[in-house]
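Okay, here we've got a single chain as structure tokens, the form predicted on its own, with questions on binding and movement later.
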Amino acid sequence: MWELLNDPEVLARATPGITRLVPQGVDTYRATIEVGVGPVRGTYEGQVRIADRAPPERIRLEVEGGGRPGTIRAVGELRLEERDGQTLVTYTGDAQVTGLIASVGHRLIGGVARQMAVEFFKALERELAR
């Protein structure tokens, strides 16, 4: 699991909305993200950065982007723990949005974020099965 979380190609395939992830330096990537919250949909250009990692137990990601619907800043941390030969993954995250996406979609953002997390972990399971 740790190797998957540190593979940019896997992250690009597994993360909902990411259409482009290009290395820009050590642990920094230029990203294009397409996200929709309720009726507000848009494309965001920004950066994904691995801000902290403690192999093989913890990785922290920071995402910043802007587009026509507004701006997004998010931080997420994944923790991995081995249990009985399997890996238990827990996560926390926080996001701040501005612009139209915040004013129109603020009630829906939590649900969209949870759905994106579910899709991300299902995609990681598919990557493990490859």
Partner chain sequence: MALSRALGARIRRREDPRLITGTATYVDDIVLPGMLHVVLVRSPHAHARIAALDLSAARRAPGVVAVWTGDDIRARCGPLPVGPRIREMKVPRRYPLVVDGVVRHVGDPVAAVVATTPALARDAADLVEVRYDPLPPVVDVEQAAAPGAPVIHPELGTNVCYRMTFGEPVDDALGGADVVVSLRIVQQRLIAVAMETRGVVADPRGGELTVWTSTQIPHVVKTALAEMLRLPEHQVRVIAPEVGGGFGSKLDVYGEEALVAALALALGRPVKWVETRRENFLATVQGRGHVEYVDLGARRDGTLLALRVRVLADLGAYSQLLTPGVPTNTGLMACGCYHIPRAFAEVTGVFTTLPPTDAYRGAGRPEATFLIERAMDVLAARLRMDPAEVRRRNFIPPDAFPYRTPTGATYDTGNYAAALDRALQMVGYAALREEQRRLRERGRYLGIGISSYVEITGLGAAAGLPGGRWESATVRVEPTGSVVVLTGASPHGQGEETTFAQIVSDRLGVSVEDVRVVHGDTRAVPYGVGTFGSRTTPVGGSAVYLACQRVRDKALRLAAHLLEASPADIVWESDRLAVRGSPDRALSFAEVARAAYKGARLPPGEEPGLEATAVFGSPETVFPFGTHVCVVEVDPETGQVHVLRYVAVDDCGTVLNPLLVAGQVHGGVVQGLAQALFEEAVFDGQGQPLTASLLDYAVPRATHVPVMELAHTVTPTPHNPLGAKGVGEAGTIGATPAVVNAVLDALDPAGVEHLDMPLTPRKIWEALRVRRR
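Positions refer to the first chain, counted from 1. Please read all numbers here as calculations on a predicted model, not as lab measurements.
A second form of this protein, the form predicted in complex with its partner chain, is not displayed here; the remarks below concern that form.
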Testing 23-31, 83-91, 49-57, 69-77 against its partner chain in the model of the complex with a 4.5 Å heavy atom criterion leaves exactly one stretch, namely 69-77
- Item | its partner chain contact at T43 in the model of the complex, heavy atom, 4.5 Å | no
In the model of the complex, G99 touching its partner chain (heavy atom, 4.5 Å): yes
Does at least one non-hydrogen atom of R13 fall within 4.5 angstroms of its partner chain in the model of the complex? no
Exercise. Taking heavy atoms only, is R114 within 4.5 angstroms of its partner chain in the model of the complex?
Worked result: no
Restricting to 100-124, the residues within 4.5 Å of its partner chain in the model of the complex through any heavy atom are L100, A102, S103, V104, H106, R107
